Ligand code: GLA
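Form predicted alone, single chain, as structure tokens, below.
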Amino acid sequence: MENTMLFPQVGGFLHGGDYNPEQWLDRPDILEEDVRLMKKAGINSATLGVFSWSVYEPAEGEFHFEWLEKIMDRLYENGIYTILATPSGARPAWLDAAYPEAMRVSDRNVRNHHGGRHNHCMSSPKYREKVALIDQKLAQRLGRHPGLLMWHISNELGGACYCPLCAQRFRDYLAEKFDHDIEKLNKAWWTTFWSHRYHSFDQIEPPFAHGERSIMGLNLEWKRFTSWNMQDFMKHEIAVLKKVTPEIPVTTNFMELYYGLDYRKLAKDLDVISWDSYPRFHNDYESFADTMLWNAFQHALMRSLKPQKPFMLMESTPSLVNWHPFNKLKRPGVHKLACLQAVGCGSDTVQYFQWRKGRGSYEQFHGAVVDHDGSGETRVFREVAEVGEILQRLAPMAGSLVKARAALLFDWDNRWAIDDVGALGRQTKRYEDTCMKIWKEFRRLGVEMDVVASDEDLSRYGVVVAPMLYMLQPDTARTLRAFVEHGGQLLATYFTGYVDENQLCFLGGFPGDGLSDLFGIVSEEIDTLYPADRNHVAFSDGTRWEVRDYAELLRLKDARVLAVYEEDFYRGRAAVTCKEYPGGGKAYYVAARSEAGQMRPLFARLLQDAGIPEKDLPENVDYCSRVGGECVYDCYFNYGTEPATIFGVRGFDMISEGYVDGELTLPAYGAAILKMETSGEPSGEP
């Protein structure tokens, strides 16, 4: 298998993070000490320039990059590479004073004042012009620096702008999408309802908070447009950099399961996917294992955006953040565990925000590798240095890939549509939570799942789960049918196939667009349960699931009944069904919401029929795997506070540098990465 190492120059994993030397230009002693401490901590990369515009260009047309070049020179001379960010995430005051159109307008039609960050209008020609100029100057000055590894576009892109420029751009976007035919839009949006028909595209406004918000199509297209417009802004920056340095890869840092942008759209224009991981460790509403699995889900989502290469953990905190509701410290050992989890899930980097704490302003108490005491003697620094040492041992693993054989379908469009629809319960829809809980149960079975779009090619998978697939894209039904007809094991749940991509209901029965035939059922009604309500479904073997929130009433066509309801007027009606296909494929339909843990035996049945092996894992032990070259890297993590033993495992543990043959005991918060030849023999040095 081809090795896809992201940075051959480094020869392994990147270990580094955001560095803000511009805050310390008056302290050359600190800048010198930073390099010494970076080497001590095993840091081999630094992300520079994320919010440096006011230092690059203190006045319009006055550029200063000499300080940055000196920093990059010093880092490179000491074996530390640079990821260089464009500064468009926060504007200098002079720009807003001169060009107020660059400032964003809220959904109340009020223009923002200067300040904060990510407060720019993506449509503003003047802002795009100024961004292009600073990016061009930056690339021309430092794009050929031998220490430059990658361009980092802006920072944590997000938000929407409702200004006249964006409103007009939205109208142009809609006109293009609907072939400049307003009647096509009216039909797709069902605007005859409440007499909301449009007679021209000029009449359409964004969904202002005090304006039109009752048209589902308008609300959805605005979200789609915001992603499109942000993608276009990002492409504008990328084009400037690629013109000067076509060989330098580009990324931008995503923010977990961010609501406001469809990351699958933006991912198409990036060379590498990166994201910022900030779990709420040690919270009081879930187990530590659930927090870690939440984080693993986010890794899987990011990895799946470009599965043909590793992703990057661009930001994480080595200790705590300053913006959670409760800013709790990572307990000893958790930092190492979280870093190794990222590696196991497919990351080729471990990076932090931030290297050194700033003395003042909003992030002065956000965690950092170097605290205000300025030393390398703190607990946090020692744990970071330990990670640096381990990553050097893991270097041969860089470039290997996760090869999942199961997938979970997750669409941003579907997410937005479910949240907006006037149906179900206002507080109990929980689409993301439903998806994540199912994903976690497969992970507890020792099975890795990709998180993919509903219209992607599914042929590389044996099992596909589609929770609450309310909205169907034009190719979704065809894709799912082909998957099952070629032997795949498919499971869908209640609230599947109700509307098309414009949120128009399918006629002829749910799930629509032919999925009723695929599953062999018709969903006639869906009952919303109050929080205190309960029902149960019963299987012939005596297994019972508790039902909460939602229960669909099915009419059978040619599916086989696996379980029926026990209570209410629909007692005895089908709740779980299966339709079998000649090639071994099966289409399961689960009509009611039950806890994912109760559904585990059904998940196991799908895996068995697909020939995907489970792992017999102790409680709180997690497993994932990467494959590269002639080696398999099996990764085990203990999320519990007591030691755990895994049996039937073999390999060379790259962390402890010892052989394991049959039995592996992990301490609390412990990890092991076992290297094996694809032939089945342990690989490594004793």
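All values derive from a computational prediction rather than experimental measurement. When you see a residue number, it is the position in the sequence shown, counting from 1.
Another form, the form predicted in complex with alpha-D-galactopyranose, is not on view; read the next lines as being about it.
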item	value
Residue 276, heavy atom within 4.5 angstroms of alpha-D-galactopyranose in the model of the complex	yes
4.5 Å heavy atom contact, residue 321 and alpha-D-galactopyranose in the model of the complex	yes
4.5 angstroms heavy atom contact with alpha-D-galactopyranose in the model of the complex for residue 155	yes
Partner proximity in the model of the complex: residue 253 to alpha-D-galactopyranose, non-hydrogen atom cutoff 4.5 Å	yes
In the model of the complex, the one of 265, 586, 224, 117 near alpha-D-galactopyranose [non-hydrogen atom within 4.5 angstroms]	117
Heavy atom within 4.5 Å of alpha-D-galactopyranose in the model of the complex - the one residue of 353, 170, 127, 498 that qualifies	353
Stretch from 505-513, 227-235, 193-201, 276-284 whose residues place a heavy atom within 4.5 Å of alpha-D-galactopyranose in the model of the complex	276-284
Contact set, 285-320 vs alpha-D-galactopyranose in the model of the complex - heavy atom within 4.5 angstroms	315
